[in-house]
Every structure is written in C-alpha cells, then in structure tokens.
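Next up: just one chain, as structure tokens, the form predicted alone.
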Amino acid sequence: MIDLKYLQNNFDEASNKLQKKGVDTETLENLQTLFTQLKEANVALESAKAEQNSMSKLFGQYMREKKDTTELKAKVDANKEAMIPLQERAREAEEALYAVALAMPNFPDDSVPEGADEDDNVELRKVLEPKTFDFKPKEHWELSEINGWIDFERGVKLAKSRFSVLRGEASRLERALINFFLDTNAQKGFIEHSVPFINNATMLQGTGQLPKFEDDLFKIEDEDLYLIPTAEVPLTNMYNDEILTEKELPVLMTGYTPCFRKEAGSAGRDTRGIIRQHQFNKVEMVAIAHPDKSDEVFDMMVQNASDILTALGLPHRVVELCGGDLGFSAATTIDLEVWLPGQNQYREISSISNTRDFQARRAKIRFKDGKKNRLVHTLNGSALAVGRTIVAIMENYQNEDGSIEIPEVLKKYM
C-alpha cells in the first residue's frame, strides 16, 4: 500500500506520480476528500477526549474538596454519550480511506519513462541475434500438429478454452525446463521452496492482487481461498507480519508453481496456442531486501533471467516499462521479451519488478534496524514462464521438416 503520510503531506507531488501510472483526477480528488473527512473526524474526537480528561481531573478535585459532583457527573456522562458517534465517524472515515488506498497503485520511481502503454516502453538492449531461416518459420501451434506436442482439443474437453495438454516430448521438455530454471536460480543463491498453490485472501491482499483484481482470480467456493496467480504470492507472504533481522537480508527465494488466471481483460488476445492460458507453469524469483540494497538485487535478478535465456540460445531484448504499462504493485519493472520467429516479433517471457515498500506495508514485512523496525523492499520476477519458453524453443529450434532440436544445456535433463 502507498505511504499515506507521504501522500497527505506531499499531495501534489504524489498525485503527479500516480497520474503517471494512469490514476485519474477524480480518484485523487476523492482521496483528498477522504483525508479531509478523517482529519475533521479525528479533530472532533480528540476535542471530546480532551474535554473528558479535563472533567475527569475536576471530578477528582471535587471529591478531595467534598464538593457536589452531581452536575459534573451529568456532564461527564453526557460527553461519553456524545463521543460514541464521534468514534464511529472517525472509524468509518478511516475505513473509507483505507479501502480506497488499498485499490491505489504503487508510486512509480522517478526514473520510470513517461508513456501510456506498451508502445511507449523503452528498449535497453538486445541479447543474441535472431537466427536467419532459409524457409518460412512455422508458429508453435503448427509445429505442435506436426510433432503431436500439444493437445488443444482435449484441454478444452477437460476444462474449457485456454487450457491445453502437453504430451510426450513437450511434457518432458517442460519438466526439463523447470529443473534447469530452479538449478540456475539456486546457483545465484535463491533457496528453493515448494509452497501451497492455494492461498487465503490476506496473502493476496498483501501482494496487491486483492481487492482490485479479484475478477482475475479463481476463488474456491464457500472458502476464503484462491488459486494463486503466481508464486510471488506465497513466496513473498512467507514473511507476512514478521520482523526479520538485518543480517537475514536479502532473503532470496525461488519456486515452481502452476499459475491460475481468468485473463478477464484478454478477450480476443492470443486465442491460438499457449501464449495466454488460464493455467500455466512458472518458476519465480522473490527477494526481500534491505531498502538500501534493493536496486542491486533488482539488477541481479534481471541479469539472471537474461542469462537463462542466453544459455538456452534464445534471442531476447531487455525493455524498461513506462508508467502507463507498469503493474499495480511495481515501482519499476524490466521485461525480457523473447524472439519468436514464427510470429516475427518479441514477446514477454519475464517481468521483473521492484515494489519498494508497497507490498511490505500491506503485508507488514519489516526488519530490525537498530532499535526501530523498518519496512523491507520486496522484488519478484519470472525465471522463467515455462510455457512461453517451450514456445520459444519450438519456434527458434525448428527445422524445415517441422522437427525441433533441443538446446544443448537441456540435454542432460532429457
């Protein structure tokens, strides 16, 4: 959650940052109104409390001086009654402000480029040159038909659209990639975790999926539980409402999980193939870092994901997201986009974000800095999305007859 004190004390500056991320003026004006209402409610309540304290002191004085306290007692009782609606008003004002704040995105870093959408993202560099084919490269669903790797029809039969079944070599490739990703992450110091694929609402609120993005989640009926949209949720919330020691930082975690998303806003997009599915596998990196060191950890995570793609021989580019394309919780994000020759374009395969103290404030993740507790910084990123890596291997390693080579680095896993 955003720092409400900073927002209140530096409203114009904070508003400009939020507008960079697409927050409209009406929402900001509503927020300012809620601040005013809470301030007025608290002033009225504090005034009543001060009056109560003053009369309570008088009560003691009257008793010592053996004065008649009947009238004073009536005033004290009346003031107590008057305080009840004032307390309720302050509570309601605070809850209203908190509810709006929970749906407010993180402040973008000052360095984040201006822009409205993905067309305004900034390419930082390209890694590896795309291969030149002496034939027209096929897309992954065409290659799947030739090799019998992906069964789209039975995926729909078993569930619904945007589900699929991997079979044979594709299934083995998926398993090989998961192991390769986890092993590589472990070499960089990330500790592997196996976590629940179902989390409660408090955890999803901690990382920012709730309440704003509930429509994109699969909820368990009659339970306060959801299928996770990413391993970022359980890994980050391992330390929900905990205080770490400074020596423990950074905490580096990795884990493989399936991810479940309704893709509520993606109607008509990527309807063919496995680029955008309701269920997909991903290996995630999560870091809980000292605020002074989170930029250093961020750069390491970006480089690690890029190194994995390089080891697989997959051309990719590194892109900095503009304000309008930045995710809800992110203060800054670097995307890695892999080259797909069948589609003749780069497509996102990893998104690495530093959320600063946004998630830590929501999830109450702190560390002991001397005598005081401070909020940590949390970071997350894919290393990598497994399905999209399979697509990239299929299209980049295809032969003219439709057969597919396996990257050298994966052969020991297969």
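The model shown is predicted, which means the values in this text are computed figures rather than measured ones. The first residue of the shown sequence is 1; numbering continues from there. Each form is matched to the other, and the largest set of C-alpha atoms that superpose within 1.5 Å is called the rigid core.
Keep in mind that the form predicted together with the RNA is not shown, yet the notes after this line are about it.
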request  = Check each of C322, A93, V76, A101 and return the one that places a heavy atom within 4.5 angstroms of the RNA in the predicted complex.
outcome  = V76
message = Within 4.5 angstroms, counting heavy atoms, which one of the listed stretches 382-390, 348-356, 58-66, 23-31 is next to the RNA in the predicted complex?
response = 58-66
inquiry  = Given that the RNA is not shown alongside this chain, does T36 nevertheless sit within 4.5 Å of it in the predicted complex, heavy atom to heavy atom?
reply    = no
ask   = I243 near the RNA in the predicted complex, any heavy atom under 4.5 Å?
value = yes
ask   = Is there a heavy atom of K5 lying 4.5 Å or less from a heavy atom of the RNA in the predicted complex?
value = yes
message = Can you tell me whether N53 touches the RNA? I mean in the predicted complex, with a 4.5 angstroms heavy atom cut-off.
response = yes
query = 2 Å or more on the CA of Y346 between the shown form and the other one, with the rigid core superposed, yes or no?
reply = no
query = Does superposing the core leave K219 with a CA shift of 2 Å or more between the shown form and the other one?
reply = no
